[in-house]
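Have a look below at one chain only, the form predicted alone, in structure tokens format.
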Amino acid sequence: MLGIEHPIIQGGMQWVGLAELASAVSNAGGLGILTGLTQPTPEDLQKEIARCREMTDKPFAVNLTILPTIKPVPYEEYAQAIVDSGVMIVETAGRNPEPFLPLFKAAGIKVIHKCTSIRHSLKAERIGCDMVSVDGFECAGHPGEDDVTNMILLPLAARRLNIPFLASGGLGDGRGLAAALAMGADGINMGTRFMATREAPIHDKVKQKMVEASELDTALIYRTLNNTARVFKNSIAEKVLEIEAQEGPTRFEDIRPLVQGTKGRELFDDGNLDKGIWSAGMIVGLIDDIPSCEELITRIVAEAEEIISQRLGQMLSA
């Protein structure tokens, strides 16, 4: 459906999904994704799409995350910029993408919607999405409020969905790819793992910190606001948790200075690991090197093929 060689998709990530990373993933046979709202204007997004085209002749997608924001975002203009640029695959996330589907469908665009529950996945199928990315509790960013892991979500999706679906959250090696396929997924969506690659446009100190991390080094913030987010556990995340643990309702105004998005972007640029917060999934516990995207994808595919043909095959023949 997506015209790619390997069933590995790089998730859209704020400040990270630039042409350098997306083109490297696509050139390696996966699907790279530019993050639309990383670009300050729709015109800038069109320029980034053109820049990515100069770096790869393979398919790539654009992520459009639809969320309530302090400063209004011209989502319709971003969507039109995607269409006008001739992009054929869009990853949507956040709110219901239905208002944008007629525009995308008229242009022949395939739409992948990120979902954190089976009910949302079924809704995405009903409204006409071509594929869904099922995000388990392990994932970076917003895992929803149900706290259901992929060991449950993926078999449920396989039972109930009629459209293809991707596994997202807790995936970063060949074992994860083989397991996801075994549970019915058609591919995997990786965000955090692609942050720890040579082409990811973030400071080496951030990448190295994730290599050193264990599976216990993420934190769930905004739980008291019913807007849970999984981030890397640094001093800023711990301060947010301290504020949320205080008696009485949490006021976002009390934590806003700590979690401003601009601080996260500066952190990626200058490597000051305690300047702000950044999204990271539990997969950090399985990251132990910083390869190129080509090395990573080749390794994951080889590992998965060996597991499927050797380990699982031997079990059948025994």
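The first residue of the shown sequence is 1; numbering continues from there. Quick caveat, the model's predicted, so the values are computed rather than measured.
What follows is about the form predicted in complex with nicotinamide-adenine-dinucleotide, which we do not show.
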{"query": "Position in contact with nicotinamide-adenine-dinucleotide when the complex is considered in the model of the complex, options 292, 260, 272, 41, heavy atoms within 4.5 Å", "finding": "260"}
{"query": "In the model of the complex, the residue from 152, 243, 225, 211 that sits within 4.5 Å of nicotinamide-adenine-dinucleotide by heavy atoms", "finding": "225"}
{"query": "Interface membership of residue 279, nicotinamide-adenine-dinucleotide in the model of the complex, 4.5 Å heavy atom rule", "finding": "yes"}
{"query": "Residue 65, heavy atom within 4.5 angstroms of nicotinamide-adenine-dinucleotide in the model of the complex", "finding": "yes"}
{"query": "Partner contact for residue 207 in the model of the complex: nicotinamide-adenine-dinucleotide, 4.5 angstroms, heavy atom", "finding": "no"}
{"query": "Contact label in the model of the complex: residue 298 to nicotinamide-adenine-dinucleotide, heavy atom within 4.5 Å", "finding": "no"}
{"query": "Per-stretch contact check against nicotinamide-adenine-dinucleotide in the model of the complex, the hit in 217 to 225, 81 to 89, 153 to 161, 171 to 179 (non-hydrogen atom, 4.5 angstroms)", "finding": "217 to 225"}
{"query": "Interface residues of 190 to 211 toward nicotinamide-adenine-dinucleotide, as seen in the model of the complex [heavy atoms, 4.5 Å]", "finding": "none"}
